[in-house]
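Next up: just one chain, as structure tokens, the form predicted on its own.
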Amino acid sequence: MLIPFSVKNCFQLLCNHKVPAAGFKNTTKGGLMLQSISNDVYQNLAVEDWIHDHVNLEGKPILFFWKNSPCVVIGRHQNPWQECNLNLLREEGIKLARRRSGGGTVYHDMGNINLTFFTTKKKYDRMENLKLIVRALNAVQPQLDVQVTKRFDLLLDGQFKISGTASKIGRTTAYHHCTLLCSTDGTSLSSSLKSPYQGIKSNATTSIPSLVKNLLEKDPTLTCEVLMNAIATEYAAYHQIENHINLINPTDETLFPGINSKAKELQTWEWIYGKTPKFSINTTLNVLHEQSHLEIKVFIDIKNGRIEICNIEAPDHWLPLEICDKLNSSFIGSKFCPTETIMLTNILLRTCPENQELHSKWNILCEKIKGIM
């Protein structure tokens, strides 16, 4: 059952969460279920941060349901250039987000349910949470063969991944979040999570590709609404609480003071790209010249998302050495992103001789470099 989360009720519930369980007159087991009315990934990730940072979860666990418009979410210690097709994401308007938990990269859309289980650090138990989801699925469709793996994934029919897991463990609180594939666009998922970039060397956490399947493909009655209600029912029974999902607005500062600054930070280039572990690119670009292909060698070191070392080598007869040297030196310290590359190369182009052929080659090279960003 869905009920609006009023300001008064929210403050009462959240304030109650800030005192030890022993302070309550009611000694029965407590808990809370929330659902976001927003489909914005940054706003929903900010809710996770806010609850983790501000709520005392002693004796009062929280289950948070949320869904996002199309986006790709990478783990805290991942490299987006390794994990997804950034050019495609830009073209399709698919958002990229970096969460604060570890783990691998996932694709979200409105056919995917996200669940976050908040508990104290002592009560943190991923296996118990996933078993709860399995019980809920079997309550709706007893014939479903869903198993929890050692990696805390959920497998359908022993081979198709329908859920992936990640978590964050703080000093006193923790959360475990997972996905649940209901009716996700499989084509978009596959193309978005296929990196076209070559020659990357990095120590960042890498995702493990898996075969996936939507639960709706298995049974057309397993809609997102049916699945969320089933999980809520199971969660309420397990924690002996009322079966009410409270609707929240993650942009409401009266409910969550300071939450919009958290969402804003999650959208910054410095967080999404700048937090990428140091990496290098060593690759070769091919350009067509007089009916043959020329090789341009590229070596770039990137730290905190910015170019630290840049060495682009083009054949002298195609592009003068001094032009390449200018390009290399101008890139040092700049963001490893197409927007900044366009700006820098346009500025440099104005310093070059008025030569149409030279300008044409320069533009070809710049387009190639943008293609690896």
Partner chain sequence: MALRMARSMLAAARSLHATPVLAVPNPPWPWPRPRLVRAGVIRALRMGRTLLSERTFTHKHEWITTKTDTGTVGISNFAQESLGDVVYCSLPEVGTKLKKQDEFGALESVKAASKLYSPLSGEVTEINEALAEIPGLVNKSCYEDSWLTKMTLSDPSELDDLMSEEAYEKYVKSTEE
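Numbering follows the first chain given and starts at 1. Since we're looking at a predicted model, the values are computed, not measured.
Another form, the form predicted together with the partner chain, is not on view; read the next lines as being about it.
Only one segment in the set 209-217, 227-235, 183-191, 169-177 has any non-hydrogen atom within 4.5 angstroms of the partner chain in the predicted complex, and it is 169-177. Shown without its partner, this chain lists H239, H77, R135, K161 as candidates; in the predicted complex, only H77 has a non-hydrogen atom within 4.5 angstroms of the partner chain. For the candidate set K123, K303, K131, K297, a heavy atom within 4.5 Å of the partner chain in the predicted complex is found for exactly one residue, namely K303. Annotation: in the predicted complex, residues R100, T205 and P277 each come within 4.5 Å of the partner chain through at least one heavy atom.
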